[in-house]
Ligand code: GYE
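Next up: just one chain, as structure tokens, the form predicted alone.
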């Protein structure tokens, strides 16, 4: 079994793509301290809170000034937040784009203003914005592989349960797009399984609960719920209990993220399987910034290694969950 590890330990576990020339990107001088922007998407769930704390803790440790903003779930506000950072002439910007298309123009604006951007945890549509040209690199998990891993586990452990409700993440976000593709592609190759309904729950616990309640009523034959994140999975557990069903037994519940609350539910048998998506980006993000200033070249993606939690290992892995 893979032991829990911090994101700093895993940072360069796997890199994909060839090293980029990066000749069009703004230069970053080597300095003792930097003024760095971090444009967070929202702060309405434990994953985002853990990510923000990791970034703030690492900036404080290094003695850097962190210009922090919270878009509160608004793509338009996140665009405005990045523009504000450009106006403040920060040295660099860390950006988890809430949606993969609307943030591309403002990334280009930062480049034109001489400010390098490093994408973390969410990517931008590669047709609109290029690593090595518009931004330095993307640091994060392989979202497609995460969805594939959930589907692979289901295929092997379904126990005859084959009718799936899929709770999708925020429409237009790279995790939602890729976690859906990875999962759906595997399911499509296994014809005994059927996705009976698929609808966005916007990565939100309450909306996930509401959508799960509606879809369970419309599809009483459903006996599997795959949620693109823990928050929606936890909401689905509540919906199942309200419907008089036993989560984890009557209906399998599958998730991605690996927060402590969800992992505890795996221990308790209410959630069956979780693939981790570690939020502790601070150490690797700031190390990437320092290496970029020192002239290091990066591939288009720096892909992190994520563990998983199942009934056999969840109790042992619980202390390492965020």
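Positions refer to the first chain, counted from 1. Owing to the predicted nature of the structure, the values given are computational and were not obtained by experimental measurement.
Another form exists, predicted in complex with this ligand; not displayed. Remarks below refer to it.
- With a 4.5 Å cutoff on heavy atoms, residue 45 counts as touching this ligand in the predicted complex.
- In the predicted complex, at least one heavy atom of residue 203 sits within 4.5 Å of a heavy atom of this ligand.
- Under a 4.5 angstroms non-hydrogen atom cutoff, this ligand in the predicted complex has residue 175 among its neighbouring residues.
- Heavy atoms of residue 121 reach within 4.5 Å of this ligand in the predicted complex, making it an interface residue.
- Within 4.5 Å of this ligand in the predicted complex, a heavy atom is found for all three of 143, 229 and 277.
- Only one segment in the set 45 to 53, 265 to 273, 286 to 294, 62 to 70 has residues whose heavy atoms sit within 4.5 Å of this ligand in the predicted complex; it is 45 to 53.
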